[in-house]
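Okay, so here's just one chain, in structure tokens, the form predicted alone.
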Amino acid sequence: MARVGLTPERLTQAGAELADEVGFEQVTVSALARRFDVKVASLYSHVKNSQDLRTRIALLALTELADRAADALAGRAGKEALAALANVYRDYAREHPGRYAAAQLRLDPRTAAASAGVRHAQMTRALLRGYDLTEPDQTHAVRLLGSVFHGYVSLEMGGGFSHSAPDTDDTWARILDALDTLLRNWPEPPTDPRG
């Protein structure tokens, strides 16, 4: 019989909070059972296993991020939209480091296709339409933005920039300026040297 008050949603939320406290990789069904002071077996009527719990947390994080991004992007275009989207990722990672890590979890294709990750891609592509990028350059730019946002945030959170000046906020602003300049001046594809 399921324990009163425990639901998949409540366990997912508690798992997300635990991830922010101890790190996403430390989240297991056993750790969650300790948090609720229940036997591990009592949670298996709500989640299949630790991987299922982690997937649920990843889906929650993707949804939270997509909701924040949609709010931040509303009515914005160009550099203003670029900065808004970038700041959503950076702020979320700072506020919810475990959930941010969860959002990077590799999902199986069916789960990914049904996740809020699709909304992230749609919003990024909408932002890029303001820069007049078409395929395949739009896909290249989506990958560039994701790489820069995630790379910077990961290095910053790991302390990679804490040992030197200038301030990381100054660098972040300059990176966004550089990305805007690049997107407005996207290079032409190379010509085929074979003729």
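The shown structure was predicted, so the numbers you read here are calculated from the model rather than taken from an experiment. Each residue number is its position in the shown sequence, starting from 1.
This protein has a second form, the form predicted together with another copy of the chain, left out of what is shown; the following refers to that one.
- Proximity to another copy of the chain in the model of the complex, taken as heavy atoms within 4.5 Å, picks out 136-144 from the listed stretches 61-69, 136-144, 28-36, 41-49.
- Taking the partner from the other structure, another copy of the chain in the model of the complex has no heavy atom within 4.5 Å of any heavy atom of Gln13.
- Within 4.5 Å of any heavy atom of another copy of the chain in the model of the complex lies no heavy atom of Glu9.
- Proximity of Leu182 to another copy of the chain in the model of the complex falls within the 4.5 Å heavy atom cutoff.
- In the model of the complex, another copy of the chain sits beyond 4.5 Å of every heavy atom of Gly130.
- Residue Lys79 is the only one in 67-94 with at least one heavy atom within 4.5 Å of another copy of the chain in the model of the complex.
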